[in-house]
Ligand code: NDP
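Form predicted on its own, single chain, as structure tokens, below.
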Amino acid sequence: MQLFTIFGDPVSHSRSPLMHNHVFKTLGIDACYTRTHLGDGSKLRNVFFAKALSGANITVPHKEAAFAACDDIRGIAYEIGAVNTIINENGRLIGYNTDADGFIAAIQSFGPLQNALIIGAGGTAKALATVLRQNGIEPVILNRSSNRLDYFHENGYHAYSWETFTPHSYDLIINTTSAGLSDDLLPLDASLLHQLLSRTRCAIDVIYGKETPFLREVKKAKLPFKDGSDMLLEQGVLANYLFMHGTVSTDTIRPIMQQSFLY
């Protein structure tokens, strides 16, 4: 039996086991997918091998640690510097990032977008900034402090801390922080958020399965919005395709994985 897991802190909320196990069961694949709570991202590689895993997904806050844990990086993950999917290829850990393409698929229903404000500066923010720019949507990054903005400045992005930021109008505002995941916090100061929402066309929170404080404020502002469910599905489809080394098409995986959201 092949073993897969998702590493994160927290991780108990993750729907990934349900999604991937439903695909494995439906297709008759001898595999099992579990959750692994990991407090220290630097231990990811050792835990991966100790569990004899064939592959894994990585969620907050370990996507950059996962990048460092890999022997080789492929695709857009190399440019991003963050990994959310790892494949064991004959004892070598190969890192990918399926968040980026999953996100682009998720925002298609919003229509044409020219710019976007990303709240947060972690691995997910890096992935989204990279893929947005590749798709002709100019990202602006806003983080509580400046200590995680070096990557964005070095790569030519407009990136600001709360102290240096001046609000403008945006087509899309994106929460990539963990605010609201296991608490009742907003991702930024309430008065600043209200200013932004009054000048924004639509919004998305990458957190899924619950109405976060961010999304509550978005709804009050009567903006079109999404939680992270569509992104979760699309990145999961791509990750499952990688887990099975491309032997099953994404067109086969997608409707099966989508069924798991009904449970």
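It should be emphasised that the depicted structure is a prediction, and the values quoted were computed from it without experimental measurement. Note that residue numbering begins at 1 and tracks the sequence as displayed.
Here the subject shifts to the form predicted in complex with the ligand, a form of this protein not shown in this document.
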{"query": "The ligand contact in the predicted complex: G120, any heavy atom under 4.5 Å", "finding": "yes"}
{"query": "N143, heavy atom within 4.5 angstroms of the ligand in the predicted complex", "finding": "yes"}
{"query": "Any non-hydrogen atom of T85 within 4.5 angstroms of the ligand in the predicted complex", "finding": "no"}
{"query": "Contact test in the predicted complex: P187 vs the ligand, heavy atoms, 4.5 Å", "finding": "yes"}
{"query": "Contact residue in the predicted complex, chosen from L238, A56, L232, V218 - any heavy atom within 4.5 Å of the ligand", "finding": "L232"}
{"query": "The unique member of L93, I76, A179, I137 whose heavy atoms fall within 4.5 Å of the ligand in the predicted complex", "finding": "A179"}
{"query": "Partner-facing stretch of 190 to 198, 206 to 214, 42 to 50, 27 to 35, counted where any non-hydrogen atom is within 4.5 angstroms of the ligand in the predicted complex", "finding": "206 to 214"}
